[in-house]
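Given next are two forms of a protein chain, the same chain in both, each as structure tokens and marked structure 1 or structure 2.
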Structure 1
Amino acid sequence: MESLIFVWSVAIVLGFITWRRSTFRFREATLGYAWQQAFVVLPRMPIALVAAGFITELLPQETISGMIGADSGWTGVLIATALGAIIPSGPIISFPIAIALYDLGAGLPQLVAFLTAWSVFAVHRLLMWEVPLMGWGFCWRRLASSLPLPFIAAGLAALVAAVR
């Protein structure tokens, strides 16, 4: 509920500023950028949620929570990292999966590792954008320097989970 109020407050303030600057820009932001993205995302999102929900029912919950649950430690972080790194898709798929993993009992550090690995490794983005534009020379250096990142984020998240 707080995040709903927060997001809409920001939207209203930014919308007001944009409107004051130029009504053309306002139309570009709403009917252009926002609508373009909504057009792609909104019809797919409920279907992805439904699919993720069904798959959650089909997976053996105890096995999964044993693998990436809060007590699974660094092994669980490693599994979650590998899982996040191989998801060849954008947020429409990965966030329903994150919710499914949460429902299946994933721990906080493991969930953080999953999302971090998906964000920084992003196979689809790498193949569609990064390799064609930057070449392998840049890509392998960036990937190599990003290898420790899911583990660092998960370690810090574990500290947070322990303190709270």
Structure 2
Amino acid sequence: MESLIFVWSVAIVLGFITWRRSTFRFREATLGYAWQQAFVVLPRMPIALVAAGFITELLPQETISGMIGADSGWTGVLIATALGAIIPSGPIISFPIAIALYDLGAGLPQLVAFLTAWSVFAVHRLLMWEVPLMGWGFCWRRLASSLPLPFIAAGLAALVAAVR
């Protein structure tokens, strides 16, 4: 609940700043872009949530909690990183999958690693966009420099969870 309040507070403050600077920009952002995105995202959400519900029913809880559960440690982070890298989807599917994995017993650091790897290493994006546009040399350098990110994010998530 605290994160929801925080996100809405930031949105309201930034909206107010935009409105004070330019009412045209505020109107363009709220009536234009926000509604445009809502029409794209809202029809997909029920399907994604139903798919996530099926995932929770199809995958055995013991397997998920054993592989990427809170007690799986860095091995679970590594497995979650590999899973995140091979999930061929956008956020409409990946985040409900993360929710389903959480419901099946995945640990918080492992979920953070999963989502970080999905956003940084997505193999489908790499093969469809990066390699054809930038070449293998760029892609290898980007992947090598990004390799520690899921592990750093998982470590920070574990620290935050320990402090709370």
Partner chain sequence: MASPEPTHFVRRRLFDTSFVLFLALAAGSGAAVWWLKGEEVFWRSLEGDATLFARILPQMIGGLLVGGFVQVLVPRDLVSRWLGRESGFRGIAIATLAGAITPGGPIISFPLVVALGAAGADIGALVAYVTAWSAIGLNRIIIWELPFMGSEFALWRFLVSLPLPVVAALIVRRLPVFDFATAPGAGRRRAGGE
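Quick note, the numbers are simply positions in structure 1, starting from 1. Here the structure is a predicted model, which is why all the values come from computation and not from measurement. Whichever C-alpha set is largest while still superposing within 1.5 Å between the two forms counts as the rigid core.
Shown as structure 2 is the form predicted on its own, with the alternative form given as structure 1. Once the rigid core is overlaid between the two structures, residue 11 counts among the residues whose Cα shifts by 2 Å or more. Core-superposed comparison between the two structures: the Cα of residue 28 travels 2 Å or more. The rigid-core alignment places the CA of residue 70 less than 2 Å apart between the two structures. The rigid core superposition between the two structures gives a CA shift for residue 132 of 4.5 Å. Lined up on the core, residue 123 has its CA atom moved by 3.5 Å between the two structures.
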